[in-house]
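One chain is shown next in structure tokens, namely the form predicted on its own.
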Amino acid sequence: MMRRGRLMLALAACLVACGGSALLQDEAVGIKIPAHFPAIDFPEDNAPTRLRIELGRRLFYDTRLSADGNTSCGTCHVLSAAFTDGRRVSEGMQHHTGKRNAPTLANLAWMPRFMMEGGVPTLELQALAPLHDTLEMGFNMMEVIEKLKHDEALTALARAAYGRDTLDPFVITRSLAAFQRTMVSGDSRYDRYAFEGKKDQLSEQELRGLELFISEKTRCSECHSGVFFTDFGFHNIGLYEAYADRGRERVTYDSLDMGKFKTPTLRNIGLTSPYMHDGSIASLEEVVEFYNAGGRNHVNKDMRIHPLGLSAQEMEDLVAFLNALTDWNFVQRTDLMPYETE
């Protein structure tokens, strides 16, 4: 199990010095966002504070949230891979294989719905899904609370951050959400080119790829739109003729939604392979080839998915542009890493 590191040692010392009553002082903090991003709409009961984020970061990397004591949120969401895990589908506790590819957690603060079928309405509620999934963390909230209730340092953080005497479901879900809202990514070379006027940031090939991306020929930017490169909608792209995962239909019970999945962001796409909801396409080159071929036949396939007729050079140009969406500073942020261990 991960040892606590400097913060936990400091908190423990405080607890001893204060006779078991931690006198931690919290404070409101602002989350740094790019100037070309919209403001974040924070829940009234979960505005960001230093200790809320700190507690969420601690819980995000705490393996005690899983039944086997070896799996944390950070197991499947690794910072160096833009909070994905590089697997076709994620591997949860006791090496159970999941059903879907781990999505990036970048820019969740602006996401209106969660999970690939959009079945979860808030980031606070989203934490419950992997916690209770038998293929992921395989636990339940009450057992987590029982396991953590004697951790005086975490309890002190809960009290200072949320004014509650215990680590309860309210504290756990909200602190995890508070930490995840700090995962802001918007400093790629494309951003510097498009929003900071630094025209030397993209090569000629990448510029050709950008022109293709926004062109009528590909229409990529119709779904991968805006500063987040997603319309937050749900589409069937013709990945299969028969879908094992029913996608959006799991929420709506409407057969017209069979095989529809949320449009993923393309930010940091060069770091988040493999691709698609089930990780079935290994590389960006293969993704572009798939779209160029027009997908497979399915009754619900989006009408915009059809053979594109791109040349080999044009496909290379598109891939070059997509790689220019990587935010290297994001994946090196120390405030998103686990705490140092002794």
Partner chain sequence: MVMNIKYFAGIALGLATLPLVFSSCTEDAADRGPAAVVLDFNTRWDGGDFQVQEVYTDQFGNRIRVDNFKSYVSMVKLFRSDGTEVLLEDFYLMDFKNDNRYTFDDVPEGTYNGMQFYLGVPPAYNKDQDPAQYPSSHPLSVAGSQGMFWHWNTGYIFTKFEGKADTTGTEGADLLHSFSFHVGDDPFLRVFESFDTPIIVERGKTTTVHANIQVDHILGNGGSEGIDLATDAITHTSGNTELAKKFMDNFVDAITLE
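Positions refer to the first chain, counted from 1. None of the values given here were measured: they were computed from a predicted structure.
Missing here is the form predicted in complex with its partner chain; even so, the following discussion is about that form.
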Query raised in the report: Wondering, does L79 line up within 4.5 Å of its partner chain in the predicted bound form on heavy atoms?
Result: no
Query - Contact label in the predicted bound form: M142 to its partner chain, heavy atom within 4.5 Å - result: yes
Query raised in the report: Heavy atom to heavy atom, is L148 within 4.5 Å of its partner chain in the predicted bound form?
Result: no
**Report entry** Partner proximity in the predicted bound form: R250 to its partner chain, non-hydrogen atom cutoff 4.5 Å
**Finding:** yes
**Report entry** Candidate from L125, V227, I214, A194 lying within 4.5 Å of its partner chain in the predicted bound form - any heavy atom
**Finding:** L125
Report task. Identify, from the list N107, T272, T173, T75, the residue with a heavy atom within 4.5 Å of its partner chain in the predicted bound form. Result -> T173
Requested in this report: Can you check 152-160, 134-142, 230-238, 262-270 and let me know which stretch has heavy atoms within 4.5 Å of its partner chain in the predicted bound form?
Outcome: 134-142
Query raised in the report: Taking its partner chain in the predicted bound form, which residues of 109-127 have any heavy atom within 4.5 Å of it?
Result: R113, M115, E117, G119, V120, P121, L125
